[in-house]
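There is one chain below, alone, in structure tokens, taken in the form predicted alone.
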């Protein structure tokens, strides 16, 4: 597989009233096509900053970030972003929320795009709720809608910024399975930021461990568990061993 995303010696610093703060220092990693990669690290180390740099919301101070060998740009349509909360508009139906990105990109009358949106709703059991409002859905279903809204735009790379953090534990386990299945089924490449080591282990092909600020890549783990789903992977005999190694790297 070829590299889809590449961070090449990326540093980022920002100015406060008092001084200059270095958030990232020579961050270097890659994500291959169709790979599910997670970023873990101490709180405040710059994980979300990496996502913001990846999608062009911030510009790196030095180094470069490439997608398919080309530099990322602001509002890069090759990238989809899924936030901590679903950000569904309560006054719009599920269908109207799903096609919001198409409206913004002036594609809401494109028959091929609309047919793709409808096919995703059917494929992932949300079509019966097409004309419902978000408040009528469970938390897990809302997250599926948010993911499908992102997938409708057919991005090459999905950025997931702690998308399960607002859910209770039992719902979180189920939604992890759902989101993982959708991403793998659609052959998407994903970069997840999470504080939850177990979550990262259960979903990822690769885990990148960051140091405290200014963050650099401390360790990279290639993960290959038995089991088809995140929930099943938690039962793998090596799960605890990997958890301890990563946890020790974070403290």
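Remember, it's a predicted structure, so these values are computed and weren't measured experimentally. Under this definition, the rigid core comprises the largest set of C-alpha atoms superposing within 1.5 Å between the forms. Positions refer to the first chain, counted from 1.
Although it is not shown, the form predicted together with a small molecule is what the next lines describe.
Only one of 53, 45, 207, 197 lies close to the small molecule in the predicted complex, with a heavy atom inside 4.5 Å, and it is 45. The stretch among 217 to 225, 180 to 188, 61 to 69, 36 to 44 whose residues place heavy atoms within 4.5 Å of the small molecule in the predicted complex is 36 to 44.
For the chain shown alone, residue 49 is a contact residue for the small molecule in the predicted complex, at least one non-hydrogen atom being within 4.5 angstroms. The small molecule in the predicted complex is not approached by residue 10, whose heavy atoms all lie more than 4.5 angstroms from it.
The small molecule in the predicted complex comes within 4.5 Å of no heavy atom belonging to residue 32. Residue 212 falls outside the set of residues with a heavy atom inside 4.5 Å of the small molecule in the predicted complex. Once both forms are fitted on their rigid core, the CA atom of residue 232 lies less than 2 Å apart between this form and the one not shown. After superposition on the rigid core, displacement of the C-alpha of residue 9 between this form and the one not shown stays below 2 Å.
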